[in-house]
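Presented below, as structure tokens, is a lone chain in the form predicted on its own.
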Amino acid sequence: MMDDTGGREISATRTAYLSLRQMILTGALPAGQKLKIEDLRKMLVTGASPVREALSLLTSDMLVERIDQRGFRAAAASLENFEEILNLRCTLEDMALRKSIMRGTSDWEERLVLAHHRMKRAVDTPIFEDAHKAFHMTLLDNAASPMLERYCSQLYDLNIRYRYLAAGGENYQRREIAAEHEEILDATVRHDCDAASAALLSHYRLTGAYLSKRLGDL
């Protein structure tokens, strides 16, 4: 049985991990910035050990890089890295979505419709990003492939960081993103693998083309 001290350390590490992860994803800690444990400890009002453990965990998420024996920095960003992330997302999520549809059950379809409904209700609220990810991951979680799902989740997060980095722009706001989600959902619940995959990949590539241009201009 874990003692109270061990439990508090795990809780502090988890809290530091979630806070730092959010700051890196949203750009509050910019790409390439050196992450000094003492500065982060003061910012998060916690100990050095939880911060160090959290940074080590974030290196596994590819959101933090080690720059020397003990130093860290927020992962660097580049157009080439973004395009690799986009290509991997399209390849792996196409595979996962097709598997999910082929194994489709009424329970999964109900969860998917509910996730879509929650995402629609969360538009323009602080919880939209979580609801958006939940919808996209529910599309894939019926594939019965935990490793594939984990990679897709990680790639989603890496992509989100670039979306924040290249945020803004009138052309992006003109897109009918809600309609794109509806098209993906409709094809999926019809068990039309080709149409669902085409809609999903078009959704990603439209965003990818926009972000690639924005990143090239930065």
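All residue numbers refer to positions in the sequence shown, first residue = 1. What you see is a predicted model; the values in this text were computed from it and never measured.
The following text describes the form predicted together with another copy of the chain, which does not appear among the structures shown.
From the list 63-71, 176-184, 189-197, 27-35, the contact stretch for another copy of the chain in the predicted complex under a 4.5 Å heavy atom rule is 63-71. For the three marked residues, R52, E84 and P146, a heavy atom of each sits within 4.5 Å of another copy of the chain in the predicted complex. Although the partner is absent here, A209 is not a contact residue: none of its heavy atoms lies within 4.5 angstroms of another copy of the chain in the predicted complex. In the predicted complex, none of the heavy atoms of L40 sits within 4.5 Å of a heavy atom of another copy of the chain. The shortest heavy atom separation between L158 and another copy of the chain in the predicted complex is within 4.5 Å. Contact check for Y164: no non-hydrogen atom falls within 4.5 Å of another copy of the chain in the predicted complex. Of the residues V113, I127, L79, M95, just one reaches another copy of the chain in the predicted complex with a heavy atom at 4.5 Å or closer; this is M95.
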